[in-house]
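The chain that follows stands alone, in the form predicted on its own, written as structure tokens.
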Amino acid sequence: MPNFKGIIPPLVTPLVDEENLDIPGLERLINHVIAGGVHGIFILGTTGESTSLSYKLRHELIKHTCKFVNKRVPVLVGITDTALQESLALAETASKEGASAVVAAPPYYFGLGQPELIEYYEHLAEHLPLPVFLYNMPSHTKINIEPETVHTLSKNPKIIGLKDSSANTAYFNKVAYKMKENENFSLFVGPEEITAEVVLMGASGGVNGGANMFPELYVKLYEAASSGDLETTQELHQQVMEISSKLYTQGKFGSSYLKGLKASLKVLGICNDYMASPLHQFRSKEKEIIAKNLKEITDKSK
């Protein structure tokens, strides 16, 4: 089984409208992040608006992404769904098109207990054609994959890692402690604001949305933190925090991060900023603020 490390951007899904991908934008985005040195690409996660996309679009995205990546880096594919067969169908497409692994959050309708969660993932893994990452996203699924559950599931050779987007460093450290004897089990964190901290403590890397825009910055942050270069890590972490504070905070909703990210990619000329329903892209007022803040950030990096 592959051992994943580094920065793996959770790719946004460039859209023209509800039914069509922004294909040129997708290709530009993929080439942009790979040129920035990322260690892989993750599609159909939260940042990719996966649950808002039709199954037709999800399968199309897998095919186009794998084609554009062309084996340059590993591709991880989100297969989270409330229906097992839909998850397996996405995994089959991912395997056929050359993806390296799949990623699955708990089904998000029934509030599964931990024993039920173990049963679910064991059953899912048994039928998957690819290895799978657990995806802890309690704010969206209302289920927390407890550290002991992660440890239990890690004994299955097809369950190879965890992507934790809880933003709970106490939880993450408990999982890392439980998994200290299993160096082949990858531990990734989602929120970029804590990536430096957890990588310094031995985490495998970050699945960071900001790497859609500034992949090289996040790769350098990972390299500095993983090598124990505290001075460089602190300097780069401050840049990440500036991105977070200036681009992800317009509006007062949970969607502000994603709207800010897509608006920024539009300003950068990389891809369209259309968002799948129920979300909507920023209006002109917010976009003007994003463009101004983005210019300040890019001017400082020159």
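Keep in mind that this is a model prediction, so the values were computed, not measured. All residue numbers are counted from 1 along the displayed sequence.
There is another form of the same protein, the form predicted in complex with a further copy of the same chain; it is not shown, and what comes next is about it.
Participant: So which of E97, E122, E146, E193 gets a non-hydrogen atom within 4.5 Å of a further copy of the same chain in the model of the complex?
Facilitator: When a further copy of the same chain is considered in the model of the complex, the option within 4.5 Å is E193.
Participant: May I ask you to state whether K180 is within 4.5 Å of a further copy of the same chain in the model of the complex, using heavy atom distances?
Facilitator: Heavy-atom contact with a further copy of the same chain at 4.5 Å: present for K180.
Participant: E288 versus a further copy of the same chain, in the model of the complex: is there a non-hydrogen atom within 4.5 Å?
Facilitator: Answer no; every heavy atom of E288 is more than 4.5 Å from a further copy of the same chain in the model of the complex.
Participant: With a cut-off of 4.5 Å between heavy atoms, is H39 one of the residues that contacts a further copy of the same chain in the model of the complex?
Facilitator: So H39 does not count as contacting a further copy of the same chain.
Participant: Using a 4.5 angstroms cut-off on non-hydrogen atoms, would Q85 count as touching a further copy of the same chain in the model of the complex?
Facilitator: So Q85 counts as contacting a further copy of the same chain.
Participant: Does each of D22, P157 and I159 have at least one heavy atom within 4.5 Å of a further copy of the same chain in the model of the complex?
Facilitator: Checking in the model of the complex: none of D22, P157 and I159 is within 4.5 Å of a further copy of the same chain.
Participant: Report the stretch among 149-157, 70-78, 222-230, 204-212 that approaches a further copy of the same chain in the model of the complex to within 4.5 Å, counting heavy atoms only.
Facilitator: Stretch 222-230 is the one.
Participant: So which residues in 91-117, when you check a further copy of the same chain in the model of the complex, have a heavy atom no farther than 4.5 Å from it?
Facilitator: P107, Y108, Y109, F110, G111, L112, G113, P115, E116, in sequence order.
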